[in-house]
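A lone chain, given as structure tokens: the form predicted alone.
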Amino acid sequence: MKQNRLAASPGAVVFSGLLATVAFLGVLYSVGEAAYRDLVFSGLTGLFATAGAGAAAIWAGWRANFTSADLARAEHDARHDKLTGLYNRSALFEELEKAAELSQANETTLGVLFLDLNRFKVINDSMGHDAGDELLRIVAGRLRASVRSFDVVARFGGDEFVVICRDLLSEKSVVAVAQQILRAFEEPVSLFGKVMTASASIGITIAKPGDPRRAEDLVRDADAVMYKAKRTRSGYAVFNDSHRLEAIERLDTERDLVQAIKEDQFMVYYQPLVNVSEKRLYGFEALVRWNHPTRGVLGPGQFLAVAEETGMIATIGERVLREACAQAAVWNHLSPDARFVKMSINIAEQQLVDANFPSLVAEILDWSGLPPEQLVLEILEDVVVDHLDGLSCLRELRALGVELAIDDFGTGQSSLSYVKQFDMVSALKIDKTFVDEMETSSSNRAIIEAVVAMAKALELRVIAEGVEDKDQVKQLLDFGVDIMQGYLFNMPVAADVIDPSSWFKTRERSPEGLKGVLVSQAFSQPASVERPKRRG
């Protein structure tokens, strides 16, 4: 419609000029002599005709320029992402086809990097979409600055980006680009006055001369291996044939998880935490299991990463919270000693950034009848550090009487200086990796000693995870760690294995009836106990 109006404008200019000429000549006819009128008529007719033609020519030229710029802008918008200014998905595949043809002709290496931001959904949900959009723009700028000018950077969709590295000499060159991008992410990001660290996982596909894969195949393979990088927290991973099978399995897992939630296929297992010095059961950690209809009982390592990536973790987490609280309340009714036993439950980041989570916990406690002081919510160290200024829900949870513990302490990005800010936290759990290498690594022993000393100064309890032999028990006791968890005491078991009449008693000696479950025997009769074999 706009172009039609522009096309008519030159004619309108000429018509207006002619109309003004006729009106002027009419006046001359009425006041002047005939010869004079003829002379004026001829001169003015030529003048207005020339002026009209000139105006028409000027307007036509402006219209042509305007239309060209308009078309160029429309073409640019069709190939670029509006938010970041990067190539969009359709332009990406066009550019990738050209790059593949060029690499084949020059017999060089082509690299495709598929990048996904870690925990973007959490940032978007907790800080708002404006902050999420600003983060995407910052990421786009850092990506452009990290690659060569003739490489291609595109926004694939959401928080996913693709980088095409043209005409490289070797596989090492592709990996070097990925490392350069990851280094660019190390610089903190400021979002509306809050400083935070953004991170990414990168999947890499490398195409050598003669590679038959199409553009779609290269992007698909890079996408598939990106999930391995995310799962292993390795920063990047390079695709090989085995990853294709993993990608298929992941898609199957995602599809089956949807059905599992509908059919409530999840179970909760309980692993004991033992206070070795006091010779009593300190508590349980509730651990989710998936009773898959065809694959059997699956551990959390086989599906939780997919649940987090797809946003299903909050639903699963709520079900675990409900069942564990209800089970602890049942044990309270069956044994008076159970009231001194804690119930620890892992809480995902997606749950914590939900403003309604404290209300949900309060509702579940009221529904189950479990006293708040028996409930311990375990939060990963990185999650607490990343949201230290924004996790007001931690204080709301503490106001309910619920205890908070930092899980896998020492493996995240915090330092001991952060811990003094964790005034709402009551316990630190030393990660299994430190316990595993405690006997052979002096640095690990030093870290454990430092954590224990700092925790005592701040009046925090320390819990050691992954205890698997008697020597570890002895060393941990020497360090001042009394509460332990691991396969030496017991593997995670279903609720019906736990006998309330015996499990919650203080162990002065090896009690009768516990030969099958082993709990607490490790420190009452250590010589007679064999550690159960670890299961995957």
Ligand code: C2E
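Just count from 1 along the sequence shown to find any residue number. Everything quoted here is computed from the prediction, not taken from an experiment.
Below, we refer to the form predicted together with the ligand, which is not included among the displayed structures.
Asker: Which residue, A427, L365, A348, M424, has a heavy atom that falls within 4.5 Å of the ligand in the predicted bound form?
Answerer: Of the candidates A427, L365, A348, M424, A348 is the one lying within 4.5 Å of the ligand in the predicted bound form.
Asker: Which one of R142, R289, K279, H80 is close to the ligand in the predicted bound form, taking close to mean a heavy atom within 4.5 Å?
Answerer: Going through each option in turn, the one that passes is R289.
Asker: In the predicted bound form, does each of P300, Y487 and P492 have a heavy atom within 4.5 Å of the ligand?
Answerer: Every listed residue reaches the ligand in the predicted bound form, so yes.
Asker: Is K432 close enough to the ligand in the predicted bound form to count, meaning some heavy atom within 4.5 Å?
Answerer: Flag for K432 set to yes.
Asker: With the partner left out here, check for me: in the predicted bound form, does some heavy atom of N124 sit within 4.5 Å of the ligand?
Answerer: Flag for N124 set to no.
Asker: Taking the ligand as it sits in the predicted bound form, is A131 in contact with it (heavy atom to heavy atom, 4.5 Å or less)?
Answerer: No, A131 stays farther than 4.5 Å from the ligand in the predicted bound form.
Asker: Mark D482 yes when one of its heavy atoms lies within 4.5 Å of a heavy atom of the ligand in the predicted bound form, and no otherwise.
Answerer: Contact with the ligand, no.
Asker: Taking 4.5 angstroms as the heavy atom distance cut-off, pick the stretch from 462 to 470, 223 to 231, 396 to 404, 174 to 182 that is near the ligand in the predicted bound form.
Answerer: Residues of 462 to 470 come within 4.5 Å of the partner.
Asker: Heavy atom within 4.5 Å of the ligand in the predicted bound form: which residues of 261 to 277 meet that condition, in order?
Answerer: Result: Q271 alone.
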